[in-house]
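Presented below, as structure tokens, is a lone chain in the form predicted alone.
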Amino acid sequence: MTLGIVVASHVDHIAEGVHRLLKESAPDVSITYAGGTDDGEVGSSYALIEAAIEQNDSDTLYCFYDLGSAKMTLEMVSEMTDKDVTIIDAAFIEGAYTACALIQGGYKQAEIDDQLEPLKVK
């Protein structure tokens, strides 16, 4: 089992920026992202989120999102993939950053889950 990160945002530049930030602290972690709609507008895209999940080299994924429809799209895609997808209801950047740093540090999934728990917003 390998752990990876997927970032889904309504804006492509936000998703790309979060990806860039995460790669600075976790260069060895598989991190993929999806941002915006298929035509580059603000929103979420099933196809882009599906590609981010499928193109991630890891088989167990922590997924972070910025707004509700990105979460709903992640939920739909998670039902159609063979990968183990966990959608985290946490502060978007802080949660993703924490998970990446812990994966980079070699922490186990249960330990990462424990560290993410206080960051959850629901």
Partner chain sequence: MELTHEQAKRWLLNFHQKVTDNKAYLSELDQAIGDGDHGSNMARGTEAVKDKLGSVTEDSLEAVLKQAAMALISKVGGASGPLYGSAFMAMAKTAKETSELSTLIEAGLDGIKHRGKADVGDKTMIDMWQPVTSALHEDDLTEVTIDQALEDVKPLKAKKGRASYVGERSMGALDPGAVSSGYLFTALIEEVLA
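Numbering follows the first chain given and starts at 1. Everything numeric in this text was worked out from a predicted model, so none of it was measured.
Absent from the display: the form predicted together with its partner chain. The rest refers to it.
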key: Close approach of E75 to its partner chain in the predicted bound form, 4.5 Å, heavy atom   = yes
Hey, in the predicted bound form, is E79 touching its partner chain, heavy atoms inside 4.5 Å?
-> yes
| query | Any chance D38 has a heavy atom within 4.5 Å of its partner chain in the predicted bound form? | reply | yes
- prompt: Heavy atom to heavy atom, is S69 within 4.5 Å of its partner chain in the predicted bound form?
  reply: yes
Which of 25 to 33, 44 to 52, 57 to 65, 91 to 99 lies within 4.5 Å of its partner chain in the predicted bound form, heavy atoms considered? The stretch 44 to 52
In sequence order, the residues of 16 to 30 that place a heavy atom within 4.5 Å of its partner chain in the predicted bound form are none
